[in-house]
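Two forms, one protein chain; structure tokens for each follow separately as structure 1 and structure 2.
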Structure 1
Amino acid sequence: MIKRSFFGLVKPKLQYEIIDEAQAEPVSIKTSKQIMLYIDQSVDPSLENAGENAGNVLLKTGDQVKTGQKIAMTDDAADYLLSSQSGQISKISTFVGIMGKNYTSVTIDVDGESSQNVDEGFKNVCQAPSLENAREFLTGLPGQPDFNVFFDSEKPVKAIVVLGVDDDLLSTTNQYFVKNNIIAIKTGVDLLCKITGISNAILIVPQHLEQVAGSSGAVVKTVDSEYPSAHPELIMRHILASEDGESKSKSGIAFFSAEAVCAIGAAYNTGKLFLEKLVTFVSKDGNKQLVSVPIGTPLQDILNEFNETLNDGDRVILGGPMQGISVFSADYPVLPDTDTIIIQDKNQITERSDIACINCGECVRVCPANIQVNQLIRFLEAGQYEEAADQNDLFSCIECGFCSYVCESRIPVFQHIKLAKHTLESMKAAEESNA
């Protein structure tokens, strides 16, 4: 945890983690008994009538799965994951995650035959790389590449941006790939350019990796080391100098993490799907260690590896300290986009409070989006979300979490913002579906 510096004349700074020469090699961790895959969609397999357009249910308990097999709930589902192990499905359940999002959890008992029992689906198509088969087979790769942006005919993609930087603090995943695997990135970038027909590829790296990045073949741009300059929104605005007024989804830019690009390149080159996630594990005492772990592995397996014990009141965080989510159980699995796992001891946790905003203005000074957070929070606390959006730029927020980090009243500002956005968006969705 980074405390306020003694002198406070200038606004507080948070530095990104920098991967250096002395960085230890990742520790490889194996799955012990089972993996879990959380799919971003809820289909209750026990219900036959899951809706007319829900397609046919693909999976049920007791099915055998192979390594690299697509795990989707129905045959027409867009969201799927790739099983990193082979084994037998022992449980399928649905649950509701944060902000009311529905998930299906698929538990697979590992059979220990993962290296033999490999799914051939991708191998059959990898000779002819195309956007369609990339979308069909590769979305579940580490880094969770998203190919859907290329299929939106209203917003043609103009550039591919590879993020060789890590969005949140403490993580070094993408930097690791730039530093150690620049050839694989080149392969991946070339492939992406080929299948998309887009020649404009940009690699974003921290300053110290600029030299290395040169050999990627992509245009190299750097960002500075202060949080949140590696945030995709800010990269778009400041580095890519795209027109103001458009957000990421609208602007015709496809973002890929360096890790995902490596995995895509490797997949087409070898015909094999690489399903190990590179994660920074931060223990209670603050030690950071890169680990390589199959997607779906429960956190408990990693904790066991490092002899870390959890007690009541401790906090387990998936993702970075600024944007991650905390989970209620160590059985939670590593997801394709989990870059960081942080374990916090009970006494490292700062309590949030219910005190009103004292108008100290710290949040306003740190906000990268120039939002008047001190005013915004008043509207949000009063539940006046529409006014917040109209008068106080709610939707300009890029969700960096900095305002909550500095708040002197310790208001959970960031959470209020997310809640407000979610409420307004679901209201809008409800209105549209009614109309």
Structure 2
Amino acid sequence: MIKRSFFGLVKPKLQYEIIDEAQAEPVSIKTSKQIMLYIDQSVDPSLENAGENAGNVLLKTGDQVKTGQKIAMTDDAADYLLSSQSGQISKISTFVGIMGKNYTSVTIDVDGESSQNVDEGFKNVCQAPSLENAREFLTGLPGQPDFNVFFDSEKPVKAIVVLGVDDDLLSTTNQYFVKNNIIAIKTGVDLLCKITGISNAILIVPQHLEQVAGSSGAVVKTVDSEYPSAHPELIMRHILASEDGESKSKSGIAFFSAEAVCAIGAAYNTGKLFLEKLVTFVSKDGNKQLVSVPIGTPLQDILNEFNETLNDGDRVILGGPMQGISVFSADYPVLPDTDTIIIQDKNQITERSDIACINCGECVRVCPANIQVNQLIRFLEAGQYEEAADQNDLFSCIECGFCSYVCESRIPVFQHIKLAKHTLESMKAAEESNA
């Protein structure tokens, strides 16, 4: 529900979705023919058959892969995904994603016998849980847990925070796990505390799930129902800081989604890797349905399940309506961190414009980071990104998207900010590489 003040002097209230007490079980969708995995690295596919020049490239077209097998292009690569199906690699190519980010796209033709053809790598080490084997085998689980944060000696982690909230509108993915799998969350939390040696575990939930969350064994803290209170940056700033004064907000925090914690616990308990992603699917008519799909499943398979058709001008959004990003094709796969998929009819799309900022101040009024957005956008539209960072707090932005939502001139402020950050970070990386 969205509420606006008649006079426009109070920021609009956007309410998070509340999971229904009678929530239907997720619809299980099986991959039809192929899965695609986008690995966060780029390897020239021409190296596949380059003999000595191929270096330590691991995969090539025609290779057989097993369910649960690590998919990485080189044996020393830190980035990898887990194959949710067994089959044969039919294509390896470079893929340029959002903001020009480079990936290696691996297409696997499914053989239909995934349940029998399982990689045993994790099973051989799961009896001795450790941070090392968690990082080596579990990063590609649903929720994409990040274990690298525990290996940074300069920023020691002091608390593990489990997000049982959904930080964008319309989604109920993480709420589902708190409501229906709280014992699995407790198992996962206990394992994380054991392998990290960190006893301070905190579970963040919406207020209506506070009682259920009490069984998790973690300290339970709640956020209210008004967007963007469930954003990780605001949780760290307002909720966690109150535990130990201002210093707490600057301590090392390791964030894990409730879904990822459940998957970690199940992996160590059973020796098997659970590789189905729970996604909130929102159709053109606004109906919401939780679906469970193997990681790597093309979006088209989900559309087919719900008889949803894409026409010219329609939009597919990965993520919620505030922070989500449009993708250009229904062949785009479900990734380990895909929580929400929204299909928007072309008639529902609000057109953006190139009208200049009218200085109404709405963006400043709603900004949770207290940025003078009306000044910032002038630098961004002029391409003066360094000035935006130095003079107008560009990197203080938490990317909640509220500024774009309220903009009277319909300026895509959120997209300008993401582009500026990406450009500056790329320039910095290039400079460091040259040095």
Partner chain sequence: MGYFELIIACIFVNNILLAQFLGNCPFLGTSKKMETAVGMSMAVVFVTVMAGTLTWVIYTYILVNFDLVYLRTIAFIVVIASLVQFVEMFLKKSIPALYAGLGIFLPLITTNCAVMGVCVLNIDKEFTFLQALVASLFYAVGFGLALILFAGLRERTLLARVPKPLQDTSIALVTAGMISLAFFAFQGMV
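Only the largest set of C-alpha atoms that superpose within 1.5 Å between the two forms is called the rigid core. Residue numbering: structure 1 sequence, from 1. Since this is a predicted model, take the numbers as computed values, not measurements.
Note: the form predicted together with the partner chain is the first of the two, structure 1. Here the rigid core is superposed, and residue 428 then shows its C-alpha moved by 2.8 angstrom between structure 1 and structure 2.
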